[in-house]
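Listed next as structure tokens: two forms of one protein chain, kept apart as structure 1 and structure 2.
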Structure 1
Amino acid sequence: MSAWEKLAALPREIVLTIVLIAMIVPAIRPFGLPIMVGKMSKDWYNTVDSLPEGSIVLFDIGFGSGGYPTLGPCAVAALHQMFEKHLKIIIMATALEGSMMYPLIMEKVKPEKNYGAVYGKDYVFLGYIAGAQTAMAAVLGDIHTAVKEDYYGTPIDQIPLLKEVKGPESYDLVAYLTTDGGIAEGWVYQAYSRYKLTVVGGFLSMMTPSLKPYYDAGALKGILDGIKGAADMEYMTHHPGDALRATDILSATQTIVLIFIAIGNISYWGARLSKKEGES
């Protein structure tokens, strides 16, 4: 086996160890590399920013433990902005594990301590609502018949914030973060297509290409594109957190991947050309 061929077939142990090192080093000692805020994140930020104080937002936690490292920071930064703007937030979960994500997120946002928000008046958590698009349609259509009590068992007719919700026209914004393609499209169908509500969505980066046509068509006013979107939001809201720290890891690992792609191609063509020379 020639040197080119050896380089073209590096053992996976070597490749993955180098990728792992590229992950661990910036995690231990962040480089503080610069980032450029993306347009999709800026549009999410501006959409929320343009809402007047007291506007009602329906916020869906559509992810569980698998999506938490990416979408958890998105949710924290997005909620920081909403509480800062004194918006009224109705939080629900279309993901089964959403109820477990809620306290993890709120422990970081701390709405009472940081913004003086009052549970029930400024925000409420409805818990997991089964049924995906059926749940979305029911909550948007008539929340008072779809949900009888909040996550903590308080009847919803005793919650001041929910008394303000008369029908779909009461929602000024629908914001959701999800790892589920069906949920991601579902909000567009149920909130935008059905009621022409303003909708913003956040997804895993690998989902964004398939959902971007909705953004280009104006159905989604803004997108948080995975951990980079979360980092953008943390930067814009001045609440640096896990995502901004993760961008260094992203930069380091993806640079290593690019280097390996280059090695793969150079060695492939080196092996091919040297083989040809040997034959002639």
Structure 2
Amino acid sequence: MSAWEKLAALPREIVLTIVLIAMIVPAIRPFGLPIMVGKMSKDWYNTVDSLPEGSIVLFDIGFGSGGYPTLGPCAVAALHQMFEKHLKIIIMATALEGSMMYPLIMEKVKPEKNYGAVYGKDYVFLGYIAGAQTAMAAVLGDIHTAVKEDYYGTPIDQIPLLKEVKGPESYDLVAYLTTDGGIAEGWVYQAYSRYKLTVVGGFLSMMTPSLKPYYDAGALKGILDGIKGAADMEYMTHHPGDALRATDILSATQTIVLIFIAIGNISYWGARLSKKEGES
């Protein structure tokens, strides 16, 4: 057997082991490999980046455990940027499980440790507010009437951050992440159409085709498109996490597969040429 034939006959156990290693290594420690950042993600990032320090953001967790693997990384990366910019963040949940997602997200962001943020002064969590668009309209219109206390039971009038909110004009940005099409459109109707507020949204990739027209029309200033949007944000904020980890695994394994395809083709043609030379 020629050297070319030996190369082509590489045991598949070796091939699969190499592919497995290419999956395990970035899973343990993400490489943060360069990626092509999408324009919609870049627009979300730039919209937030343009806000002056101290701007007030209304941030909605509109997803539960089913959407966490995709939108959880989006929320973590987005909040990293907002806390780095020293924005004031009012967090609420239009999803029933949103209150369960909040501690998972904040455990990764660690605003107190990483950014010196103070709860009640720099950010607050209102918990789940029922009613979808009714809840949105209430919080945007008069938060002091809509909510009497935060998630932890502290009266609204005792929270310094909320004393700064007088009405819709107090919000500099509305940002939401959701798996619900009604919630995704609801924020456009209530925040943009009604009050002309700046709105950015994120959702599952399968929802993007039906919601992108709002972005094209300028109603949404930026979009995080599922796990790709999460990876974009992690890359732009320099906080690699679950999304870039998944992207690194995909990039590493596909690169290995392409290398083996190239080796297979090279060995095939090399063996044919060697055979022809031997016959001549």
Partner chain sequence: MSEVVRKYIPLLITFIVGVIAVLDFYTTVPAIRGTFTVLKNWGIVVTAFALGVGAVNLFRVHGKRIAERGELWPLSGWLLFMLIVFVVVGLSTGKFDASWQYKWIYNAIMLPLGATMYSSLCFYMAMGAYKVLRIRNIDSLFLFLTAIFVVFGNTPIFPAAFPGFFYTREWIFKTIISGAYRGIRIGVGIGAVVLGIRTILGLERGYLGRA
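Note that the coordinates shown come from a computational prediction; the quantities given were computed from them, not determined experimentally. Residue indices: 1-based, along structure 1. The term rigid core refers to the maximal set of C-alpha atoms that superpose within 1.5 Å between the two forms.
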Either 1 or 2, the form predicted in complex with the partner chain: 1
Flag for residue 26, CA shift 2 Å or larger between structures 1 and 2 after aligning core: yes
Inter-form CA displacement between structures 1 and 2 at residue 15 - rigid core frame, Å: 19.0
